[in-house]
Every structure is written in C-alpha cells, then in structure tokens.
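Shown here is one chain on its own, the form predicted alone, set out as structure tokens.
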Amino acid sequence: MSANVQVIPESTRERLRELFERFPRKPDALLTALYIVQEDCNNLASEVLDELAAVMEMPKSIMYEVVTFYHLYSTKPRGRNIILICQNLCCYLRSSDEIYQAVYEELGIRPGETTEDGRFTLETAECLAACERAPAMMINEKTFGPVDPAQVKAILKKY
C-alpha cells in the first residue's frame, strides 16, 4: 500500500476531529473512535488500525488489545447486519442453541461466517445483558427476546 493512500475516508476523519474536540485527551475517545472507524470502514483490519494509531497518536498494540477484547469490534470484514446470539448460561438453558440452528437453516451460516451476499454475519456473544428475555439475539443494535426458533425467519426478513 502506498503511503499516500488513506484507508480511513476523509468523512470519517472529520467525525474523529469532532470527537476529539469533545475529548481533548485522545485515549479517552478510543472506544468511540474505534466504533466510528469500524462503522465507516466495515472492520478494524491491520491497515485501518495503523492509520487510526497515527491519527490518535497511540500505539497500535493498545488498540489491537481493545479490539480483540470487545465482541462489537472486528478485525475482518463483516456483513451489513451483525447477528449476535447470547451464549451465556441463562440463554443456553433456554435453548439458545436452537436459535443458532434456526439462523443456520435460514441463512446457511455458522458463528464467525458471513453470507455470500454480505448481508449478515453471525457471531456469538458472551452476554447481551438481556437475561430476563432469554434466549436473546441482537441484530446490529436491536435486541430480541425471548426468541423462539420459529420467529427467526420473520426477524431476519426485516433486515
């Protein structure tokens, strides 16, 4: 990659500048900055993190640690719609494995995979903080639950 080619679009850089006006200490804005960049670049691949590290004047290694710790960040391309299925005890005991199977039957993907058309990526989540609605499933930022396998097709159709 040429040193002149920017991976992070100028429109995203403008959003980051606005963010840094609210958080003069750039490390304080790290989680939000990562979210903004991922939203616009689809993922936080190595070359994206290289550029963001330079913009934020931070070591890439710190960013990578954060990105690999939180399930909402990804270092590889993802679908436009991210499906998260809770795998914590509450959801597991209420048959979250059946939700995985229903998604597989509808979309043909397993956790960590993306549909060929790029519409959906299926991922696991340790906890969606929706134990009272177990088994829970999240698509993008909307939580569904309790989800019955028979409801999965109708839920996915909305996306």
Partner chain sequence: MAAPIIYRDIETPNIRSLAVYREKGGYKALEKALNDMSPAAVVEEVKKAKLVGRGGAGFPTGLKWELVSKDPATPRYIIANAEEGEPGTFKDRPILEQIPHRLIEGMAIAAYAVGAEEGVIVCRGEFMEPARILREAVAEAEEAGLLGERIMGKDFTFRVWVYRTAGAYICGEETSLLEALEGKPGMPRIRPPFPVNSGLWSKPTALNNVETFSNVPNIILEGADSYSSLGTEKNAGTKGYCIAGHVNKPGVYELPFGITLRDLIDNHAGGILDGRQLKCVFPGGASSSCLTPDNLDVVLDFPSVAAAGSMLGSAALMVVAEPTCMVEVSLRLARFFRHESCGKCIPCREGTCQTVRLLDGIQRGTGRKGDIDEILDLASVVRQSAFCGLGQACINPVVSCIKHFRQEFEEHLEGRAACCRKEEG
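Residue numbers count along the first chain shown, from 1. None of the values given here were measured: they were computed from a predicted structure. For the two forms, the rigid core is made up of the largest set of C-alpha atoms that agree within 1.5 Å on superposition.
Although not depicted, the form predicted in complex with the partner chain is the subject of the following passage.
Undergrad: For the three residues Pro24, Glu65 and Met138, which mark the spot I'm curious about, does each lie within 4.5 Å of the partner chain in the predicted bound form through at least one heavy atom?
TA: Every residue of the spot touches the partner chain in the predicted bound form.
Undergrad: Residue-level question: is Tyr92 within 4.5 Å of the partner chain in the predicted bound form, judged on heavy atoms?
TA: Yes, Tyr92 lies within 4.5 Å of the partner chain in the predicted bound form.
Undergrad: Give a yes or no for Glu116: in the predicted bound form, does one of its heavy atoms lie within 4.5 Å of a heavy atom belonging to the partner chain?
TA: No, Glu116 sits far enough from the partner chain in the predicted bound form that none of its heavy atoms falls within 4.5 Å.
Undergrad: Please determine whether Thr143 contacts the partner chain in the predicted bound form, using a 4.5 Å cut-off between heavy atoms.
TA: Because a heavy atom of Thr143 falls inside 4.5 Å of the partner chain in the predicted bound form, the answer is yes.
Undergrad: Is Asp97 one of the residues lying within 4.5 Å of the partner chain in the predicted bound form, judged by heavy atom distances?
TA: Yes, contact at 4.5 Å.
Undergrad: So which bits of 117-133 sit within 4.5 Å of the partner chain in the predicted bound form, heavy atoms only?
TA: In sequence order, Glu126, Cys127, Leu128, Ala129, Ala130, Cys131, Glu132, Arg133 come within 4.5 Å of the partner.
Undergrad: Rigid core superposed, CA of Thr68 - does it shift 2 Å or more between this form and the one not shown?
TA: Yes, Thr68 moves 2 Å or more.
Undergrad: For Gly112, does the CA position differ by 2 Å or more between this form and the one not shown when the superposition is done on the rigid core?
TA: Moves: no, less than 2 Å.
Undergrad: Take the rigid core as the frame of reference and indicate whether the C-alpha of Glu21 shifts by 2 Å or more between this form and the one not shown.
TA: Yes; that C-alpha moves by at least 2 Å between this form and the one not shown.
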